[in-house]
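First comes one chain, alone, set out as structure tokens in the form predicted on its own.
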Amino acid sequence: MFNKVLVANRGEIAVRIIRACRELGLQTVAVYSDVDRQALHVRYADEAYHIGPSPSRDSYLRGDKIIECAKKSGAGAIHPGYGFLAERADFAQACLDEGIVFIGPKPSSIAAMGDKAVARATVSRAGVPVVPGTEGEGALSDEELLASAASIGFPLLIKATAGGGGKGMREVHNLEEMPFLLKAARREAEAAFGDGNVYLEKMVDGARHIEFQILADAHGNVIHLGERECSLQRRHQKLLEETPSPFVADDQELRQKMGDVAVKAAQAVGYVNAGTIEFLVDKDKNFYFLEMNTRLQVEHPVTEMVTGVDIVKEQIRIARGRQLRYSQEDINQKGWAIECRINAEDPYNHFMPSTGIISHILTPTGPGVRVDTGVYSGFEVTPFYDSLISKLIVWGETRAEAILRMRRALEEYRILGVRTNIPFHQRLMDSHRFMAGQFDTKFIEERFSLETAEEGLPDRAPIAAVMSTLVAHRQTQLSAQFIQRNERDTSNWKWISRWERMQR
């Protein structure tokens, strides 16, 4: 049993975990790099320890330093959050070797499911359908991957076996471009996860990306918390998530089948703690195992909003050896939740990252609105980490109400100092295809743009032109108002006094 938790992460997820620990009466320890010395998670934690320079490879990816801080602070457990070391089996094992509880799955489960190629082989043996791709386990050379590509067929995906979030992933449309893309994918995967191994997977046309949240305890109980729709992506990076999925909401039989398969996949590796089973679903509602994320997901708040289950608290309770408080029959999805990832990037300039100091921030509030963030006025967004500023989550009794609430929340959100993708989300909320639930994983890149999304909306260009003219005219008036110098070399008061003396 532990009473102090070290959070081996940064940003909004570190703040989220610290809050959950505080509600459970647990003390918290933060770690930080040079650039994060004034970060919000450092201010919120009971203790904080410096772990190195700003680049993640020298700080948040240094498992040895983090374990050293845990021992120094007396923390009995480490929560990895997501990203960085969250899916590193060697780090989880190192924690256990030092007598520190790892708030996550067993190292063997991370090794089996955290490595995407091994996960495919494991669930395939358990009878779970998988997307066609390279079979087997272990690292494959570029020559072996090139030889396998023809049998899989183009287009296909090169994917990193470790980590997630679209890192180390490339689309391949022909054999000629594949060698260059293999090298690029390996470099990116090595930089992001410390592991450059990749595998191949067939691209499914018109697919939806739907995932199921899993909770499992050490007593053999495994449940799922329903599905999440994660199809709205750009460069394989999720931008918006919602639950239930508009594609599955009216098909209880499909939800039941996918949920059962998700539980089966988790049981195949003796999974414990929170995890996510991801599927690709084609137009005919055939579904295939994509991968398992052996960690907390960025989009977990939408599931919390509709189920009432605090997933982070459940993670901690499971790590303390307790049984799940819920059975599958206890899980009911109530209402609809949508999450928009608010990133520091310019949607009008190919989503280029934006850095700088946030001079002002005003977060939306009100019924059914939640904001998970790790920034504040005066916080500096740097190029060292991902561009996520916050997660804006709304809940409504229906999908229509959730969309209307998200529109209102986005309109209230004010961030000055860096560019954000809030205008992108606003346009997305106005998209007829989005409102109708008619989208897939290629929708953002192939059938949506800020320009076309504005069709049917009032033309604001004349209004902007008139306002600009008025502002310019007013500024000209103000600049023209000045006091002229008197023609005489002395003031009028002196001239009056002289005149009075002359009249005496």
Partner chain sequence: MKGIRVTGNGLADGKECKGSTMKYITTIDNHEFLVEIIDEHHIIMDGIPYEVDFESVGNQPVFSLIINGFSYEAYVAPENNEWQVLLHGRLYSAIVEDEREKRLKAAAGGRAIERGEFHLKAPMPGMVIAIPVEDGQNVQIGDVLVILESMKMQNELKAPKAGVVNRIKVNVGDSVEQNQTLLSVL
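Just so we're clear, the structure is a prediction, and the values are computed from it rather than from any experiment. We call the rigid core whatever largest set of C-alpha positions still superposes within 1.5 Å between the two forms. Numbering follows the first chain given and starts at 1.
A second form of this protein, the form predicted together with the partner chain, is not displayed here; the remarks below concern that form.
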Can you work out which of 432, 173, 72, 125 has a heavy atom no more than 4.5 Å from the partner chain in the model of the complex? 72
Can you pick out, from 320, 255, 202, 427, the residue that has a heavy atom within 4.5 Å of the partner chain in the model of the complex? 427
Are all three residues 355, 360 and 475 in contact with the partner chain in the model of the complex, where contact means a non-hydrogen atom within 4.5 Å? yes
Is residue 217 near the partner chain? Define near as a heavy atom within 4.5 Å, in the model of the complex. no
Although the partner isn't part of this model, could you tell me whether residue 387 comes within 4.5 Å of the partner chain in the model of the complex, counting any heavy atom of the residue? yes
Partner contact for residue 469 in the model of the complex: the partner chain, 4.5 angstroms, heavy atom: yes
Decide whether residue 177 counts as a contact residue for the partner chain in the model of the complex under a heavy atom distance cut-off of 4.5 Å. no
Thinking of the partner chain in the model of the complex, which stretch from 280-288, 202-210, 408-416, 222-230 has heavy atoms inside 4.5 Å of it? 408-416
Going through 241-279, which residues have a heavy atom within 4.5 Å of the partner chain in the model of the complex? Please give them in sequence order. none
Taking the rigid core as reference, does residue 468 move its C-alpha 2 Å or further between this form and the one not shown? yes
